[in-house]
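The chain below stands alone and is given in structure tokens; this is the form predicted alone.
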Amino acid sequence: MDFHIERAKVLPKSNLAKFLEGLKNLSTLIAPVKKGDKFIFSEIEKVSDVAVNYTRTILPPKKFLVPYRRERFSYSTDTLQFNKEFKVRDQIIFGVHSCDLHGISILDSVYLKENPDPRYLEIRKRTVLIGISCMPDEFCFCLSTGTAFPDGANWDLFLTDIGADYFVTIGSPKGDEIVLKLRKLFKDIEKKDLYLYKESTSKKKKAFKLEKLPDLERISQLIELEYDSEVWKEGSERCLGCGTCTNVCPTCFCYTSVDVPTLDGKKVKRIEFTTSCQYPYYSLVAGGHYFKPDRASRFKHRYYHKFVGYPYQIEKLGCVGCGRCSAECPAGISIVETINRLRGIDEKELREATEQASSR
């Protein structure tokens, strides 16, 4: 006897290529692909290039929602007439992990909550998000940030690996429409599928090294209390100030802008581009004053914004535990190690305790 629940289907893995071809026929398809020994989100020409078993991409899918370089508007210097038109395409972003879906949810809160950004709003309306489950590595700590699993707020479909099939949860009318159009590829759910779906959740939780996860309980208060801690200065001495941590972050949204005139000076484009709070010039204001004059204050600012500023602004932590900043940092700085040190936990002692526990 079939066990049916609403808002979910099963996609056999043998149908995945056909599913991806179907998505590609519906819209521009963006998905993770292998590049060297890493992965990136890229526009797909051949569905055989799509990588589903990956841990993280270098850059988050955010770059297809908030381009790292974008034109805000243009204007005429003769008439001061503004042109705010911009081109937006339909797109399907496939293979988004739960942490990145939560990252997009945070961007939604920033860009759409009070005074919606018209460009971002239009892009979000014309974007379909299809998530896929994953397993953690040594840099992941999304279990601590509460982002290890999707919450259904902003995605359209989510594929959970249950062995020979994907358990497909439908999160929106857009997701419903895709399933309806490609219905021949799906099967109804049976009781065993629901059991495997629950088991996959348990399996992922057990894959985290619990003793290495950061304790984020009352993290905002902790960082406020440790505002003058030596941990910030010690961390900044290793920091190169390169901005890699913020550029690979799914939730950072700092940008700056410049006006670029044509050669005859009659038309000017206002260009926005992503920047970093770790760059000295970012805190420079008129009069030559730097609000964050030294590297230690800039190093501390990133943590303060993630764990104090974001909760105050949007009632969510600004970190989704994806581990990109730690994995990509050329100086090997770990956000988890910094948090542990603020809590008085020595990383060397923690590592030794972990090794002892694993050898038993």
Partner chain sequence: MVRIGIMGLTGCSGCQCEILNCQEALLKMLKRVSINFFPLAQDDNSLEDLDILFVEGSVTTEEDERKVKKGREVSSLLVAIGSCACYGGVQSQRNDEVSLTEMVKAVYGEKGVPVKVSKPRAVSEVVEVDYELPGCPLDKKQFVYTVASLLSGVKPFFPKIPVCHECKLSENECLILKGIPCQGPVTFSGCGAPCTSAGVGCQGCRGNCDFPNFEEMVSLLTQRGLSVEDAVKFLKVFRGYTAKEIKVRGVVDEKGA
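Computed from a predicted structure; not experimentally measured. Numbering follows the first chain given and starts at 1.
Beyond the structure shown, there is the form predicted together with the partner chain, which is absent from this document and is the topic of what follows.
With the partner removed from view, the residue among 160, 145, 247, 98 that has a non-hydrogen atom within 4.5 Å of the partner chain in the predicted bound form turns out to be 247.
With the partner omitted here, the residue from 242, 194, 207, 185 that has a non-hydrogen atom within 4.5 angstroms of the partner chain in the predicted bound form is 242. Against the partner chain in the predicted bound form, the set 68, 264 and 329 is in full contact: each member has a heavy atom within 4.5 Å. Although the partner is absent here, residue 47 sits far enough away that none of its heavy atoms falls within 4.5 Å of the partner chain in the predicted bound form.
The closest non-hydrogen atom of residue 237 lies within 4.5 Å of the partner chain in the predicted bound form. The partner chain in the predicted bound form comes within 4.5 Å of no heavy atom belonging to residue 91.
At least one heavy atom of residue 274 is located within 4.5 Å of the partner chain in the predicted bound form. Across the options 176-184, 196-204, 211-219, 254-262, residues that bring heavy atoms within 4.5 Å of the partner chain in the predicted bound form belong to 254-262. Contacts of stretch 53-92 with the partner chain in the predicted bound form, defined by any heavy atom lying within 4.5 Å, are made by 58, 59, 63, 68, listed in sequence order.
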